[in-house]
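Below sits a lone chain in structure tokens, taken as the form predicted alone.
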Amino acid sequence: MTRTPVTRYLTGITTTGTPHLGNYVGAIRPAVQASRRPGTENFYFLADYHALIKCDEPARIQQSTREIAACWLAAGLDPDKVFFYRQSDIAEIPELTWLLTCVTGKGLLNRAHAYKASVDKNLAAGSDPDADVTAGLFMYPVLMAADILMFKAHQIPVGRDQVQHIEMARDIAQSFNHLYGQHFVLPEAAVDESVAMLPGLDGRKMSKSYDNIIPLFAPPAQIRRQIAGIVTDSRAPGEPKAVEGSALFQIFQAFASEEETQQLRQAYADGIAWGDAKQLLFERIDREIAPMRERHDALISDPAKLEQILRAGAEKARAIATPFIAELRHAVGLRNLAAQAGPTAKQKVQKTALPSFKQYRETDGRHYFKLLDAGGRLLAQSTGFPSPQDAGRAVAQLKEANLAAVEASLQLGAGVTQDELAAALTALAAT
């Protein structure tokens, strides 16, 4: 019987704050909906190791972990149907981080956006380039790669500002695979341009940094007060109002149906009073959030229940992680000395290595890939693609030996025949 391919999605949530309406609209709600897609396995983890890079307040990290776990569960995430766990409960992740650290070039980490931003800020202030830069911040991309590669995730839902981290995880995985054999799946960034970015009370992006948030499960009276404080213009009741640039309208649209949105649009044109518009917004938000609030409050008041759910999720996740880290330990030579020695790592790779893809970005801004045989000979070179997702889709088709789908985008390597290319693709598709 042929097993239907399953696509694995993985999402991490850093435990440094209280979830707000922007988090719900931009991440929690779409992720919960996505978790119900057929033919997928979904991994959601509380990234408390990552939190240590940003926060040195233990009580805050503990409280945030409790609040975020309760929010996701209250929003409908079913821990029996997904992998929902706390990062620090997976002991294999820091071990994998070290294995990946040993194959990761410092030059790659030098290019990470967060590290470069810190260096640029220090240089602008006339300080030492690495002032206040911890090794944790510098190594952040390797820990993120370990989170992803541990569970052989195919798709990583991220914002466009996070795509670099997924590309770095691919590079790290390829470095390891080149040295020790094909152990890791190469992940792809899944950027959903349709996900709403919610404005805050002052019209800027809703963010804790701007102190303009509406907490997701704040008491109704507090939410009403905060909505009343949304910045609007000075147009009086009866004067037509513009929806463009209206934070109030944008927040309403993120919760409302198309019909409801059109009704408010018409009300703006008819000169609705700002107070009445804010009341409509409060009622629409409360209609969606109120049914979840009871579940959320029950979980917050029962931390032992949350702990039980997270530990059960970790046990399920470790059923995958434990045997995989044992495989990786053996691959790099961390082995039982009483066992038969066998070939060296390089001899084993040379014997079993398969053709491999290398994706990269050129200075023209376009994305390319190469197909190399086990010895590193160029079998085929792609033309440029506008995005890494487009290049990744072409690679996926080739891995399924679907040469016809992308043949026009390929140029054979010197001396390579169509038959050689087809044979290499067939070998990949058979694995």
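None of these values were measured; they are calculated from a predicted model. Counting begins at 1, following the sequence as shown.
Not pictured, yet referred to below: the form predicted in complex with a small molecule.
The candidate site formed by Ala391, Arg393 and Ser409 is entirely out of contact with the small molecule in the predicted bound form, as no residue has a non-hydrogen atom within 4.5 angstroms of it. None of 155 to 163, 213 to 221, 102 to 110, 329 to 337 except one has non-hydrogen atoms within 4.5 angstroms of the small molecule in the predicted bound form; the exception is 155 to 163.
Comment: the small molecule is not present in this chain, but in the predicted bound form one of Tyr140, Phe83, Phe357, Tyr180 has a heavy atom within 4.5 Å of it, namely Tyr140.
Among Val32, Ala47, Ile61, Ile53, the residue placing a heavy atom within 4.5 Å of the small molecule in the predicted bound form is Ala47.
Interface residue remark: Thr14 is counted as part of the site for the small molecule in the predicted bound form, having a heavy atom within 4.5 Å. Although the partner is absent here, Asp147 sits close enough that one of its heavy atoms falls within 4.5 Å of the small molecule in the predicted bound form. At a distance threshold of 4.5 angstroms between non-hydrogen atoms, Val416 is out of contact with the small molecule in the predicted bound form.
Not displayed here, the small molecule is kept clear of Val25 by more than 4.5 Å at the level of heavy atoms in the predicted bound form.
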